[in-house]
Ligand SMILES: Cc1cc2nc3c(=O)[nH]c(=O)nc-3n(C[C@H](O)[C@H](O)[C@H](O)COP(=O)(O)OP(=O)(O)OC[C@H]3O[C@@H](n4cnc5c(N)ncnc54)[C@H](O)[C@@H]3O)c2cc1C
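A single chain, nothing else alongside it, follows as structure tokens in the form predicted alone.
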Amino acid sequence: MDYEIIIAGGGMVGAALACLLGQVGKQVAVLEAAVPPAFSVDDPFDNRVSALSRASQRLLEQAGAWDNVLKMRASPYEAMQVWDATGSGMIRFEAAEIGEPDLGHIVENRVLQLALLTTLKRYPSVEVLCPARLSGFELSQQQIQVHLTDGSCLSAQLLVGADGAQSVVRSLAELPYEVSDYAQKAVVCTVYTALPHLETAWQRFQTTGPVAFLPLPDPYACSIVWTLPADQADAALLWDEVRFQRELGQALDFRLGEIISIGERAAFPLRGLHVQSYVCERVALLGDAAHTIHPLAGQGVNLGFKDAQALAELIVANESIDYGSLKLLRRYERARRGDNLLTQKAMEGFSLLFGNTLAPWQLLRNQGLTTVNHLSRLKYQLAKRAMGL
């Protein structure tokens, strides 16, 4: 065989898995269609960012990539404040209350991917093939043969699909999945505000969806994720800058003052996806290829990193076992499916709760936020869970 494991997708999750396997000398091929542009500290902030939990930070440290992230840029946040636009309900989490230096980091997706791909160069047993696109595969008793669009063929014990929500591996393996269309889009851009963000993540729930201001390394810059009904999001992209800045400022109740300037705007549709089975013979899915969730709590990439860690640990702990055997892969699925599904349904539940316009539900959620904010022990547990600790 050419390799022990082939990973389709060299994004954040696929590259993290490759790092964890490369550390222990596994023969790995990473198939990536396109490497992101090189990074410069003078570059404007990217639209797409991730809120990394402490557990994800530890995984990146274990993979040897965290120092590379810090050499580029990342923004720790020490507090998170969430409130409801329909009342006075509010909850605030602070790192100092739970004895942590911060609650997590906001990092651009491009920075994460580049940091991981740079780290992969340390591991001689890992080969990154780029540009490389999967076109098909064939199973035999001992291996899987992977065909690329350039006509080449590779073989391995296991093919891992880490190729995102439009996964080619998932499609070729004919693994069925369920989709929930949220009929919403997330509008994203970088904004500069009149007041500093104070290393705090700000989130206000409106009946149309939450708006989040995520702190960037510049004290006056935030990455925003504004969830709106799909038609309203499309309209917001067409507003002139003055109107967009005014409407966005109002959405956050001008908590950070006026919006001074905005970067390029974009929007992407929101939907939940969950594969009925993460695995089949010699194939395993992880990250967005297996599950996508509502972004209101920023847990998507954190779940993907948990998938990568679980699969890597299983492979490392079973040196003498065929990595593509369905018996082994089922153990990975059992380890991750429950947590991923629970998180997905919890996010959908929160979205429905905070989008309900009936007065009793508005009263209930406002009282709930205020009550939890005064229950320090419960708030401590919620914060620890969100951080993956």
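Numbers for residues come from their place in the sequence shown, where the first is 1. Worth saying up front: this structure is predicted, and the values here are computed from it rather than measured.
Another form exists, predicted in complex with the named molecule; not displayed. Remarks below refer to it.
Novice: Can you check whether A34 is within 4.5 Å of the named molecule in the predicted complex, heavy atom basis?
Specialist: Contact with the named molecule, yes.
Novice: In the predicted complex, does V168 have a heavy atom within 4.5 Å of the named molecule?
Specialist: Yes, V168 is a contact residue.
Novice: Indicate whether the named molecule has at least one heavy atom within 4.5 Å of a heavy atom of R331 in the predicted complex.
Specialist: No, R331 stays farther than 4.5 Å from the named molecule in the predicted complex.
Novice: With the partner left out of view, is G300 within 4.5 angstroms of the named molecule in the predicted complex by any non-hydrogen atom?
Specialist: Close contact exists here: in the predicted complex, G300 approaches the named molecule to within 4.5 Å, heavy atoms only.
Novice: Quick one: which of 340 to 348, 321 to 329, 43 to 51, 63 to 71 gets within 4.5 Å of the named molecule in the predicted complex, going by heavy atoms?
Specialist: In the other structure, the partner sits against 43 to 51.
Novice: Taking 4.5 Å between heavy atoms as the contact cutoff, choose which of L134, L273, A221, L228 touches the named molecule in the predicted complex.
Specialist: Checking each option against the named molecule in the predicted complex, the one that comes within 4.5 Å is L134.
Novice: Which one, W239, F254, Y192, F268, lies within 4.5 Å of the named molecule in the predicted complex by heavy atoms?
Specialist: Selected residue: F268.
Novice: Quick one: in the predicted complex, does every one of G9, A186 and D288 get a heavy atom within 4.5 Å of the named molecule?
Specialist: Verified in the predicted complex; spot residues all in contact, yes.
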